[in-house]
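Below, in structure tokens: the form predicted alone, a single chain.
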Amino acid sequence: MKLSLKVEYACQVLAQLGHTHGRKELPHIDDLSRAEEVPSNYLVQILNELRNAGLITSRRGKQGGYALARVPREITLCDVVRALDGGVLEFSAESRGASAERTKAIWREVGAFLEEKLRSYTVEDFMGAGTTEMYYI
């Protein structure tokens, strides 16, 4: 199994958008590209897929840019993987032979475990230190 570069970049860019969530001024693609060192031409494709999946919004024009569609803790890593790769763990269509059914059952179990784990991480987790407010008494 290999994590796609699109998912890796998307997590980085979503973390940047998490830092600006709720602000009036939206980051532009050039800002995001520079901050996360992601080629802007590739980032355009990633942002389009994230927008089509409903994870981010965009606004055109001088005051335009990108924003998270929900608060950072409500967007899971599973949402991101599904938006960019279509699924968490895909199986081949062909299954023949005496052990085929048992093999598929095990891989389905692994997929379910992986999906559960991916749901436990959110964009907020990718944002790093300083994302939670501290109250001192």
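Since the model is a prediction, treat every value here as computed from it, not as a measurement. Just count from 1 along the sequence shown to find any residue number.
Just so you know, the form predicted in complex with the DNA exists too; it's not on screen, but the next bit is about it.
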Answer yes if any heavy atom of F126 is within 4.5 Å of a heavy atom of the DNA in the predicted complex; otherwise answer no. no
Find out whether any non-hydrogen atom of P72 is located within 4.5 angstroms of the DNA in the predicted complex, and reply yes or no. no
Would you check, heavy atoms only and a 4.5 Å threshold, whether N48 touches the DNA in the predicted complex? yes
Considering only heavy atoms, tell me if S99 and the DNA come within 4.5 Å of each other in the predicted complex. no
What residues in 56-83 sit within 4.5 Å of the DNA in the predicted complex, counting heavy atoms only? S58, R59, R60, G61, K62, Q63, G64, G65, Y66
